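This document starts with one chain, in the form predicted alone, laid out as structure tokens.
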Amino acid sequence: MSAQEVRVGFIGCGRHATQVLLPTVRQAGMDLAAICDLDKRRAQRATRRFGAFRAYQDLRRMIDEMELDAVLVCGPPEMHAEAAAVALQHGCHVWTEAPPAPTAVEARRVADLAAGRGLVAQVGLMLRFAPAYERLARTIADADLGAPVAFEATYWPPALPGHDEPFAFDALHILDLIRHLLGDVEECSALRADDGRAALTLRMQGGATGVASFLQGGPCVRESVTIAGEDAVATVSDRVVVTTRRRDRDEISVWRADRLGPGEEACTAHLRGYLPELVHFAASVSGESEAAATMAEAATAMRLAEQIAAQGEVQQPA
């Protein structure tokens, strides 16, 4: 089976699913066989709009009747974990949007279920798949910066509806990216406010130390990651531009993810990481690539987020 032959069913017809993910499933080359939603009319509309074969309201029936290779899930975290478990028990590989479960413990249960059945369980940790961050990861892996010694990360996403704990759910993305780039977190401390704002200081097992800022729904959206090595410093700005300054040179090299070639521009889904993550999922299901951004990795990042959130709110002076 090739990645293009992966037959999938999609669960959820909310805003993010219909505006971002379902259009990207086709771009990723997968065979979109069916769409499922508790709201029959929404499922039928999405099925017509995105060219699926059939609409369903019941996940188990969809899996039984459509002979699916994989199930993709986008809804509230509770639905992610429940639907993923059902799909895995029926022998289907799974991709879920993040967070994959309400808690890290529940995500770990799903990860163990996938491992026990030899199935892929990938989570929508799109940052690590964005071309700009992939380039930064290669630069670090190739030792072009020298050994990483320090980093700064800013992640100020727009407000997302339905997330009761913004930090525990949405800081998952930047925590996963930091771990992906620099390895496991050895030590972390945090200042948090009751609205989810947070400022973190982290020490990584490889020795790098740094700070990360999280703010959801603030006055502006901002995203930036800087890694300082012994020989150079690289910065990714807004998931598009990568700038590198070497220690022994004055010039700055600039690479743009939205310029793939003369007159060629990448689509938004590609730049933001949504298309590459689904392409990778299809390749993992078909056996062409090793699984990445797995449920187990997501559970680890979620556990870190929960530990930070449990440190309590920042107390305001009297």
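Quick caveat, the model's predicted, so the values are computed rather than measured. Start at 1 and count along the sequence shown; that's the residue number.
This protein has a second form, the form predicted together with a small molecule, left out of what is shown; the following refers to that one.
Site annotation in the model of the complex: the residue of Val25, Leu304, Ala17, Ala298 reaching within 4.5 Å of the small molecule with a heavy atom is Ala17.
Checking Gly196, Gly75, Gly210, Gly229 for any heavy atom within 4.5 Å of the small molecule in the model of the complex turns up a single hit: Gly75. For Phe169, a non-hydrogen atom is located within 4.5 Å of the small molecule in the model of the complex, even though that partner is not displayed.
In the model of the complex, the small molecule stays beyond 4.5 Å of every heavy atom belonging to Pro131. The closest heavy atom approach of Met79 to the small molecule in the model of the complex falls within 4.5 Å. Remark: Glu97 counts among the residues lining the small molecule in the model of the complex, judged by a heavy atom distance of 4.5 Å or less. The stretch among 278-286, 64-72, 45-53, 31-39 whose residues place heavy atoms within 4.5 Å of the small molecule in the model of the complex is 31-39. Across the proposed site, Ala143, Arg246 and Trp255 without exception lack any heavy atom within 4.5 Å of the small molecule in the model of the complex.
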